[in-house]
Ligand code: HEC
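Shown below, as structure tokens, is a lone chain in the form predicted alone; questions about how it binds or moves come after it.
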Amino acid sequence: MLRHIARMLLPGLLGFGLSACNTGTTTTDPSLTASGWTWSLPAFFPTPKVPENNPLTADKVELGRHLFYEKRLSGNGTQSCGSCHLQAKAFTDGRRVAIGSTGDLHPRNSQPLHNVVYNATLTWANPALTRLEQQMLVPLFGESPVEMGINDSNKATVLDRIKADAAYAARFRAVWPADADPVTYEHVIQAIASFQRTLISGNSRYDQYLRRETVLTPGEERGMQLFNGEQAECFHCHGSFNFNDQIVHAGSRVVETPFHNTGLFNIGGTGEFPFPNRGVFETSGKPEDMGKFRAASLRNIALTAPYMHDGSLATLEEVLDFYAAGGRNITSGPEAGDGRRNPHKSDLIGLIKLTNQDKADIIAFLKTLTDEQFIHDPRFADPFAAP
């Protein structure tokens, strides 16, 4: 039955409309205005790309917010999407790896959701997952690891919990008035995806600096110059307005989806990464894809520790030391190996000469990417939380 749900949803994920980019503070997309949605975007942000078969509306986004935080949407009624994506942590959870509703440890670190609408791919290392509606099948119905824990034995029960709630029944009818039975998993997924698309973060001190509303300290300015220069070379993978290198928007014509081996592991000198965290290799089977992961957005990076796909670097200081060394040398244990010599390591990763002051300045700059308004915005908050 779950495979049937996936087959039903996937064909509709392929049709997307395009509209022109906009770099102003407010964008009105004519195709969305009629359905009740107008983008309000930070300066320099292009118009997001939204599926034609799942247009944004205010009612749908608000329904999605409630469902995002709805614990009854898990198999055992104990966990919501928001359990692993906390607003105060830029929608991460502060754990090394995520924990599912039944206690399963996810092999990977929870990713932030700010500006997820601009991500060309949506997981750490699966190039095929490019649509939020498509990706959401994994946490809802996945069995290894169990996340939300919905399966063939409880899927009807879980949906009945939502149907039995009169407030939800009214919200679903308001969004899909022509459907006799609007409370379906397809609509649940469309609503949550709509809410996630609105999680726009672009009012950090850095953004205010670009708008000439504030100034940076001398250390922050030095860090910015290092970040964008050939000495530290951070900008090669984090040079977009979202501080990553996989971007899609309404005006995109060519979408690049690079993945990178940064030399985090090199088990036994063979280039191997620990199973099941072997990057794009897990889906492609190609040796050259071993250890290739997506470069995460650095917006709100000070809030999203620990770092890397497996949460194995605890602090920004550790991250800077790792990149400055050109990889990580693990000297003992089952994962021992010199990642600096990984045969599949990206050419972008090499020894970088940074003084302690250089590192401190870069970190100071990275901290200017924290968007306090975003993490306190009531539009994104848990509607079930106590005041």
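Heads up: residue numbers just count along the shown sequence, starting at 1. This is a predicted model, so every value here is computed, not measured.
Separately, the form predicted together with heme C exists; it is not shown, and the next lines address it.
- Contact with heme C in the predicted bound form, defined as a heavy atom within 4.5 Å, holds for exactly one of V175, L303, A98, M290, namely A98.
- Interface residue among A250, I162, L264, V280, judged by heavy atoms within 4.5 Å of heme C in the predicted bound form: L264.
- Only one listed stretch (151-159, 189-197, 166-174, 212-220) carries heavy atoms within 4.5 Å of heme C in the predicted bound form, and that stretch is 189-197.
- Among residues of the shown chain, S80 is one whose heavy atoms approach heme C to within 4.5 Å in the predicted bound form.
- Within 4.5 Å of any heavy atom of heme C in the predicted bound form lies no heavy atom of K89.
- Put simply, R72 is far from heme C in the predicted bound form: not one heavy atom of it is within 4.5 Å.
- Under a 4.5 angstroms non-hydrogen atom cutoff, heme C in the predicted bound form lacks S201 among its neighbouring residues.
- The candidate spot formed by A43, L56 and L369 is out of contact with heme C in the predicted bound form: none of the three has a heavy atom within 4.5 Å.
- In the predicted bound form, S346, L348, I349 are the residues of 325-349 with at least one heavy atom within 4.5 Å of heme C, listed from first to last.
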